[in-house]
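A single chain comes next, written as structure tokens; it is the form predicted on its own.
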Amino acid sequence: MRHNFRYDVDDLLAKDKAHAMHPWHEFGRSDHTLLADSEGIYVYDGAGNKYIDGIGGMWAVQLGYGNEEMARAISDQVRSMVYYSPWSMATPPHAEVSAKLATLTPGDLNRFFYSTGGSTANDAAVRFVHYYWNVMERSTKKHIITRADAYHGSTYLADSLCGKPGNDTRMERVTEWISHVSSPNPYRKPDGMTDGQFLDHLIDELEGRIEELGAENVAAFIAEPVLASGGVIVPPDGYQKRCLEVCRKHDVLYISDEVVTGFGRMGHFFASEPVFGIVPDIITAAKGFTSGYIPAGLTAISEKLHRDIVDKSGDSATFSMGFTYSGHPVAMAAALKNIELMERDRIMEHARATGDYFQDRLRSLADLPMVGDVRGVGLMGCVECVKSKTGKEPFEESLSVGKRIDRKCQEYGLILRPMWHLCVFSPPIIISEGQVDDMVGIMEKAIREVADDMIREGSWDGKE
């Protein structure tokens, strides 16, 4: 690849600051980095500096950057049929990717509703659930149970499902039919509890909440198999399966949010069944569905739910929800090619092997200063920094420990995702073991230097 870095970086960043509002817009912020080029697992800033992309763009760029076959598939589709209304017409890639997905999803999840991303996929899931129960003449079933530390998107409805800390309390949310239960974070379990006792506690809480609300009023439970943006929280073993059992017992639908865990992040197209042993009623996905090359999301719905609606209301029943860009032909062509390349090049097998190596290397950071917990599964991980390893007290948000570590990492050629006192990883799943070593080596150096800086300036006493 020939890189072109003929950019006036200061001018472009000034324009960006003057006119653009980024997601989670910080008023007055002026320290964005201008990324101008990319190749493989690397991105380059406007001055030509090279970085390992430790976060895969945003959990998304599974196949890495600059894949020529993806580019050709997208450009070919643009030339043949760039767009048509999904209301009344089908296109070849829309039909082909749907049939292909039906061979990849678990159980009978063979019906697919397409949208533009994870937020809209989760919106569609909840709206379908409400529609389903209304058709079934059980219209009191409205409550959606979600969890603390969950992240399900940024639309009004999807954001209301979130329990991630740091959401601005001045944003309005749906509250009357959304209920949160505890985060399944083993690192933060009550003192004196074993993991097994913690698991029992979480399951008892979920069942208790359903009974408190009344099973006749609870429509669905929505859960990421691993809570990604909440800090890569891996629940206790057996958690997902036991949650599903509780839902089945009380006739509550189970929505598995695989926007992050799907399409290779855990070495499978969908992680729900092969990793966690569950076949949910609905799965949502996005991000890795197209490896981030074109925005797209999907909501996979079980054949049983689809058939129930037809049996109850006949062929005239209409799920009256859709987007202008549902099943966009170019996005579907990108998704189809993405799946083809993953299968042909044995990307899932690579991701499983490299994911195990990544977890081993990541755990080597556990003894570093400030590091309280190192956790993850597959090619997703988190380093949690704390004031004291024994007390587990997190650093104050004002100290921006995660951001300080990220800035140090960028000095040495790595971009990670800082969240308060957390440092999150989700590199492209094509990453090699040698590149994992580079990434973890930079992280170790950055943590040590930030710890030394904070001791020197007096913002941390360095006691473990």
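Residue positions are given as counts along the sequence shown, with the first one as 1. The structure displayed is predicted, hence computed values, not measured ones.
Beyond the structure shown, there is the form predicted together with a small molecule, which is absent from this document and is the topic of what follows.
- Contact with the small molecule in the model of the complex holds for none of Arg147, Val181 and Glu207, as no heavy atom of theirs lies within 4.5 Å.
- When the small molecule is considered in the model of the complex, only one residue from Lys287, Arg265, His328, Lys337 comes within 4.5 Å through any heavy atom, namely Lys287.
- With the partner omitted from this view, the residue of Gly153, Pro106, Gly372, Gly292 that lies near the small molecule in the model of the complex is Gly153 [heavy atom within 4.5 Å].
- Partner contact region in the model of the complex: 224-232, out of 91-99, 128-136, 224-232, 383-391, criterion any non-hydrogen atom within 4.5 Å of the small molecule.
- The closest non-hydrogen atom of Gln77 lies beyond 4.5 Å of the small molecule in the model of the complex.
- Under a 4.5 angstroms non-hydrogen atom cutoff, the small molecule in the model of the complex lacks Ser272 among its neighbouring residues.
- Among residues of the shown chain, Val260 is one whose heavy atoms approach the small molecule to within 4.5 Å in the model of the complex.
- Within 4.5 Å of any heavy atom of the small molecule in the model of the complex lies no heavy atom of Thr354.
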